[in-house]
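The chain below stands alone and is given as structure tokens, in the form predicted alone.
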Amino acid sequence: MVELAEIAEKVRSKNAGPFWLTIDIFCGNRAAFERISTGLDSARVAALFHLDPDQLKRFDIAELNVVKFSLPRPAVQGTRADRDMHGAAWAVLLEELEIG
């Protein structure tokens, strides 16, 4: 088992509007894409972010060697409860997830 960050070229997260976050996994090449695409279980990603699996949207974009997740923000952007206005810290949690 290795952490996602050891395989992926870059993992980044960003704001996707006031209600959603997006996490992009740039795999860098086809071999890394295949390994990440098959080894990264969506249910584990949902559990990592304390989501119901139905709330997590996954996009495997083979042409770009990218895996993308969209998830609802735990607090509406810019509200008092929002601790990460730009959504930049979410990628770190995913980078540390071990995959097979």
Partner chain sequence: MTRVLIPTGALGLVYDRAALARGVASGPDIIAVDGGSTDSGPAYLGRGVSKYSRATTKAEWRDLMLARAEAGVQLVIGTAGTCGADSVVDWLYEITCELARELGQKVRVTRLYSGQNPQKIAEDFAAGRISGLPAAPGIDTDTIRACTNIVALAGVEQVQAALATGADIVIAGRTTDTAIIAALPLAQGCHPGGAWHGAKIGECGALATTNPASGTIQIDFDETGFTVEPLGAIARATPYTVSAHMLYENSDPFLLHEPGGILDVTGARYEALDGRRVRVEGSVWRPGPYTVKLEGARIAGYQTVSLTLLRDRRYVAEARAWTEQVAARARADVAARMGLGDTDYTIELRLIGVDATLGRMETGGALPSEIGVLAIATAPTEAQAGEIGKILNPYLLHHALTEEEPMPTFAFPFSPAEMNRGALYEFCLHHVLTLDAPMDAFRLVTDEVGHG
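Fair warning: this is a prediction, and the values are worked out from it, not measured in the lab. Positions refer to the first chain, counted from 1.
One more form of this protein should be noted, the form predicted in complex with the partner chain, which is absent from this view; the next part is about it.
The closest non-hydrogen atom of I61 lies within 4.5 Å of the partner chain in the predicted bound form. At a distance threshold of 4.5 angstroms between non-hydrogen atoms, E6 is out of contact with the partner chain in the predicted bound form. R44 falls outside the set of residues with a heavy atom inside 4.5 Å of the partner chain in the predicted bound form. Taking the partner from elsewhere, K68 is found to have a heavy atom lying within 4.5 Å of the partner chain in the predicted bound form.
Although the partner chain is not shown here, in the predicted bound form the stretch 5-38 places heavy atoms of R12, K14, N15, A16, G17, P18, F19, W20, T22, D24, F26 within 4.5 Å of it, in sequence order.
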